[in-house]
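Form predicted alone, single chain, as structure tokens, below.
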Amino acid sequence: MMTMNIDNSIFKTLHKNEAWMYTNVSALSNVDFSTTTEVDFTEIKKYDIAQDNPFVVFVNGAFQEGYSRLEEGISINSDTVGDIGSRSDSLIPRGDSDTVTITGNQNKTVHILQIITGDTPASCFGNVLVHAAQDESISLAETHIAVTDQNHVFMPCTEVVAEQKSNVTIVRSIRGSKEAYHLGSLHVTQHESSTVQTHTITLGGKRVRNEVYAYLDGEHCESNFDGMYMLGKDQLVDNHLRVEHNEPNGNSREFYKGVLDENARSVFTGRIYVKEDAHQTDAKQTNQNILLSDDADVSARPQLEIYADDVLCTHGATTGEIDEEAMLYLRTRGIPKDAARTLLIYAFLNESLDELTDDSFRSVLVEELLSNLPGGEFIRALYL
């Protein structure tokens, strides 16, 4: 076991920055972090959900060659595609870890499993680089798992370069322990006529910060950044996005939705920036929440910064409770109250999961969603 080389003091004051004002991670400044690369093989096997697909395994930031399946275009610690993250104002620490680089056409979804574990609090980084050249298509699924109930902190960074007419799809899921901290960032650069779609799904973690920085540097870019979260006691998720339209005729969508129970809290900050002369930009951001408890709380800050004419940009946020009319409708058809409530929550959240194109990963996430819902067996009996 070795002590991590990380300056804990940054965590103490992060919440004093306006962008972090709702997300206090100062408790991490008092933690002595250590790390190990040992993990029970059964843990890895449990999360190997698409055994015909490429599989890249990291434990506490260290690549596990014996458990991984690499194919052409997937390399470890090779030359990088550039430091896109330097364009952002992200304050999440960056550090050394093994790095996976993905290039070329990937006909199957590449599954990256990043595990953080240990009997004492661990701190680690995870670096993923995706470079889709002209006309190439890459599909990626990142599973971030905190295995043990410790104050672990995981700081993954994924950087994406989408060249002309390329297509990149990424599903990022945060799962496992509800005691760990997850401070992750996604940095995307798009060129002419490229398409990028990402889904960020938060089902675990004590304090989770999901940052997205996207730069539409070519005309006719298509960008979709979606998120879903379900949180309970003492959990917080902070989704922080900045999408820059730097050229004309770009389309972007940000759609985040979640369900909060007990004293859970959600923060959404989305900024759409439209540069001068980036005309005919079409951008929209939406945040929707359902509160199941009077103690749950939402802070939504959608923002527009526009310097061009002839644009169509909108933003909106809604927060509410379970629809009582819909509850009554289900009750009058013989569905018990608890089951009716669960059915409405599932329908609200499953809209996000339905958009996932890979059946293997969608099925696993649906199962985890149902396992966290009272009456999940009722939904299985209806649909699965």
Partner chain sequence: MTTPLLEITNLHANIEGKEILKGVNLTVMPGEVHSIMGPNGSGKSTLASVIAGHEAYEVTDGSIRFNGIDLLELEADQRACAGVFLAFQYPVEIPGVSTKFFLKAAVNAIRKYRGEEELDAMDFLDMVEEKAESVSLSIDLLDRNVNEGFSGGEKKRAEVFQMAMLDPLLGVLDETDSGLDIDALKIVAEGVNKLRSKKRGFIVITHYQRLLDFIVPDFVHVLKDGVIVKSGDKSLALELEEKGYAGIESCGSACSCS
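All values reported here derive from a predicted model rather than from experimental measurement. Residue numbers count along the first chain shown, from 1.
Unshown form predicted together with the partner chain; subsequent notes refer to it.
The partner chain is not shown here, and in the predicted complex it never comes within 4.5 Å of any heavy atom of Gly320. Within this chain, Ala62 is remote from the site of the partner chain in the predicted complex, having no heavy atom within 4.5 Å.
Though the partner is left out of this view, Pro336 does reach within 4.5 Å of the partner chain in the predicted complex, counting heavy atoms only. Mapping the unseen interface onto this chain, Glu351 counts among the residues with a heavy atom inside 4.5 Å of the partner chain in the predicted complex. Highlighted residues Leu328, Ala347 and Ala381: every one comes within 4.5 Å of the partner chain in the predicted complex, counting any heavy atom. Looking at 355-363, 50-58, 65-73, 337-345, the stretch with residues near the partner chain in the predicted complex, meaning non-hydrogen atoms within 4.5 angstroms, turns out to be 337-345.
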